[in-house]
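Here you get one chain, nothing else, as structure tokens; it is the form predicted on its own.
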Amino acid sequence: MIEVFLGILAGCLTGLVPGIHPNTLAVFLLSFSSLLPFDPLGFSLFIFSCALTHTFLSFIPSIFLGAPEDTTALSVLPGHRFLLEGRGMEAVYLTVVGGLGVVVLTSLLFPLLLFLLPALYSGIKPWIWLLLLGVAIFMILSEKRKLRACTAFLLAGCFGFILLSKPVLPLTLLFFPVFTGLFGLPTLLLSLKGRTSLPEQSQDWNRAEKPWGAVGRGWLAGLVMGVLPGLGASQAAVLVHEFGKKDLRSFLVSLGGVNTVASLISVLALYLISRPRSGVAVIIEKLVWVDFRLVLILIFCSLFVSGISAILTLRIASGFSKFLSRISYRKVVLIVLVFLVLLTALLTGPYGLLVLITGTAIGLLPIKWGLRRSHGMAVLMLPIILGGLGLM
């Protein structure tokens, strides 16, 4: 329990501070594991709890500050809209509902997953690129300005192809300037042209309405993407965005669900398909023997951790929303802009700054052209499609 609680605290840190990822923290701590008072099982539960807590807390900087990572990038636009309407807390609450819902659903349906996931993995694996190609075509054809949509998609895709062909930085560090540029800074720059203060953030909203259909869609998308190589929550979010309901409440619930179930399934996949699907899963595989007993421990741990994380997320977001309502929003935006640029320079150096500037230029195009900003996710989709065609 001590390791689990410490993992929850560590997940709060990684979730609230942009640029710090559980994978990075886990690798760092693993190098000093001999000095830590953890046995292998305790350390595994620590990093598992950290990663799961991170999926809840990471929506706070994404929604309130426009500082996304790859798994929360698509929450920036609807979350920002809720924020400007005084409903920032509601946006966070909806992601929490999605996260909690998928953890409960995974626990209840785990006996089914014992048979479903191995078949899903072997059946879909060769056709991942074709699935994403179909999604890409649908994204472009569903726009009124198809040529501009195609241009925006290809620009973001070529950007990703160049970066991922020979990555200069570790991917957990590289993704920070990539998604901050594509989704974060364009939102903040747009905010500078608008209002100078935020409306008072409401602490009361409709808690009775639970869009369980959106939880189910997020769970299914995260389930598929959580076990397939090269894919993750970000691509699953694109599927939910394109094929799910278009109302923002349902989308935020699904996105919260996708984020959490992908993290959970990536670890459970160690037992279900004998393949790690995240950096955290790789480390757990090195530390302990993954058997049915450990899987049951992880499932019970996920229920406990997600419950505590949900409460912490709402409490922290409530205090943060009250604070934002009392100060100049323009000053907050400027501070966040400077902070993100300085953090990029600190973590990734001149190369990261170049990536940030390029990503921002590409990320501004969908806004300028009146397109959906999910085209920016081509930064990951196109390289996978080209890889399936043997071109990467």
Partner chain sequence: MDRFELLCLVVAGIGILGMLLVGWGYENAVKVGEIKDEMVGVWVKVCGNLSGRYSGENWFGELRDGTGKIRVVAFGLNGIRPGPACIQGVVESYKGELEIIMKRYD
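Keep in mind that what you see is a predicted model, and the values were worked out from it rather than measured. Numbering follows the first chain given and starts at 1.
The same protein has a further form, the form predicted together with the partner chain, not shown here; the description that follows concerns it.
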{"query": "Proximity to the partner chain in the predicted bound form, single hit among Ala317, Leu163, Ala136, Val96 (heavy atom within 4.5 Å)", "finding": "Val96"}
{"query": "Sole residue of Gly213, Gly307, Pro118, Pro170 within 4.5 Å of the partner chain in the predicted bound form, by heavy atom", "finding": "Gly307"}
{"query": "Contact flag, Cys150 vs the partner chain in the predicted bound form, heavy atom cut 4.5 Å", "finding": "no"}
{"query": "4.5 angstroms heavy atom contact with the partner chain in the predicted bound form for Glu143", "finding": "no"}
{"query": "Any non-hydrogen atom of Lys286 within 4.5 angstroms of the partner chain in the predicted bound form", "finding": "yes"}
{"query": "Heavy atom of Leu296 within 4.5 Å of the partner chain in the predicted bound form", "finding": "yes"}
{"query": "Segment assignment from 179-187, 110-118, 88-96, 259-267: heavy atom within 4.5 Å of the partner chain in the predicted bound form", "finding": "88-96"}
